[in-house]
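Here you get one chain, nothing else, as structure tokens; it is the form predicted alone.
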């Protein structure tokens, strides 16, 4: 019998990380217990690369780790002061683009945006708040939609399209005018076939999509990120239940 095939590896911050053909840097890192900050990534969907929080340095060039296929001889820098400083600035900008007032948010403690901010030692928004007028939609009997908290990760868009087969959500506009929209003539969530059991109802990393009559079922102080840093939580991205 021939010798067993050698595992392929990349190096992330000096650590050898195995990978399989077709795996991205992000998925190889998560499987090996190496945390790369991210918000728009979910292994169940095609890589998106929209939030740019997962940018790493690959052989000296910056790449989004969720879209870049792993390859032998890759030397990846991830947890560096320079990259974390850029990530912190991105999170600060996300906080001022919408209404992310954590003490008043039902998702506090289960919010990945909030947890990423803590991980990156973001102590203030830094930038001037936009205070954009965004809609709040309570028309659905079971789901509350607060677009003030949307960070345009498109996880709900992808989940509704790829898993639920409903295409309830979409993205409209350009630049600062980009926004999440509901695919109904009225633009109201209550006029769609969206259900609380849909995958798209459970993938939001913030408090944009909330299940009604479940608020504060788990008290603040007893939630996922109240006890652990986001880097300490299971490497595969969690699905916040916002309960």
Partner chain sequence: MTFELETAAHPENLKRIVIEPVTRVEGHGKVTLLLDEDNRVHQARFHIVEFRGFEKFVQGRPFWEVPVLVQRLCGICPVSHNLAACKAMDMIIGATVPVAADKLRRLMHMGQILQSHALHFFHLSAPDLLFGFDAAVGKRNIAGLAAAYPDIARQGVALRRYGQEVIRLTSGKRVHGTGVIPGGMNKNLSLDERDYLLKEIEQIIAWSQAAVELIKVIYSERPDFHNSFGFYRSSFMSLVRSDGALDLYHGGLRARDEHGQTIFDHVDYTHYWDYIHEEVKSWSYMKFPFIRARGREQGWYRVGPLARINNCDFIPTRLAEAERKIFKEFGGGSATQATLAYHWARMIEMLHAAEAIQELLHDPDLQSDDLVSSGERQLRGVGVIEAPRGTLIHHYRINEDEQIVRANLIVSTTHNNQAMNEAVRQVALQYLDGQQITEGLLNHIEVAIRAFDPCLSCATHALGKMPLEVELLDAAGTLIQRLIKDSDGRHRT
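Fair warning: this is a prediction, and the values are worked out from it, not measured in the lab. Numbering follows the first chain given and starts at 1.
Another form, the form predicted together with the partner chain, is not on view; read the next lines as being about it.
A residue is said to contact a partner when one of its heavy atoms sits within 4.5 Å of a partner heavy atom; residue 215 meets this definition for the partner chain in the predicted bound form.
Residue 148 belongs to the set of residues with a heavy atom inside 4.5 Å of the partner chain in the predicted bound form. Contact check for residue 141: a heavy atom falls within 4.5 Å of the partner chain in the predicted bound form.
Using a 4.5 angstroms limit between non-hydrogen atoms, residue 219 touches the partner chain in the predicted bound form. Among the residues 164, 97, 154, 106, the one placing a heavy atom within 4.5 Å of the partner chain in the predicted bound form is 106.
Residue-level contacts in the predicted bound form: of 136, 93, 171, 71, one residue has a heavy atom within 4.5 Å of the partner chain, and it is 136. The stretch in contact with the partner chain in the predicted bound form, judged by heavy atoms within 4.5 Å, is 206-214, chosen from 28-36, 59-67, 206-214, 45-53.
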